[in-house]
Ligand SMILES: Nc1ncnc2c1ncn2[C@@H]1O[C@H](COP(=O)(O)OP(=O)(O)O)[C@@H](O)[C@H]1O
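Before any questions on binding or motion, here is one chain by itself as structure tokens, the form predicted alone.
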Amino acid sequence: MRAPRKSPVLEITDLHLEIEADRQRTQILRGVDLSIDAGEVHGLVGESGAGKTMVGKVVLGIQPTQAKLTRGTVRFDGQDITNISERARRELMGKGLALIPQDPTTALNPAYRIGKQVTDVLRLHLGMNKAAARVRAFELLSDVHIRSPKRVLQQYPHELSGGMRQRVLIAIAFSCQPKLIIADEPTTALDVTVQRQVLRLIKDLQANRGTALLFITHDFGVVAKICDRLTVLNAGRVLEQGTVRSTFEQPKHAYTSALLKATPRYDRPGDELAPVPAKLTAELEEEAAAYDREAGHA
């Protein structure tokens, strides 16, 4: 007999979200469907403003206060977490869900040493005492290839480079061995050389620990390096989903094809980059507007 398929670690179904400001409602997410299996690296791709980061915020329960979920569900590890209490959400964080944020400069508290910021997470979520947390923090910084971790634990965030700060945040995200990590464009603020190192580090840690990863990015080059499957988002709508290989070789949607043509390829240095055609952009905007009218959001 074939073994029954396990439930996805994350399953988002028909997710709709709007933001109200100045008595006007703006639709941000339009029926997003997405699932991630255990151990999978899933890329969520699209241009700025597509709604990628908002999807991650809804999963983590940190969407803006003016944002309103109007329809849909978010299930994590088989549990509906769409409208769970703040206390239940806090218990879920760390060991269940974790975040690697985009900007390491603002994500760390400038008033506290690195050691305190790492050990506080371990003590809160894993119940470690101060001494055990200190030892584990040293090990975590070593795992992310930080030289002289003992010295770094004594430093403040402003004393570290951007790449070092991002490594600290990666260590914190993996510290409690969560089932799913949301990485929100974690290499955007880094230079190209450091980007490559950080991507390799995330992928190695993910593979070794079997953590599922939702990788939010606008860069198809990043997706090609570390993702198994991907979802292409535009104006809060899913336009295409599939494996990375099949999508790169034979994209199904014209928008996906256009994004691929606009992505630099190291193996094709002479190729001319083409912007997303204005006609296609206009068609997608009209489709989104028509969706809102049919759904009664306009």
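For every residue, the number given is its place in the sequence shown, counted from 1. All values derive from a computational prediction rather than experimental measurement.
Missing here is the form predicted together with the ligand; even so, the following discussion is about that form.
- This chain is displayed without the ligand, yet in the predicted bound form the stretch 51-59 from 34-42, 237-245, 250-258, 51-59 comes within 4.5 Å of it by heavy atoms.
- With a 4.5 Å cutoff on heavy atoms, Ile19 counts as touching the ligand in the predicted bound form.
- In the predicted bound form, the ligand sits within 4.5 Å of a heavy atom belonging to Pro64.
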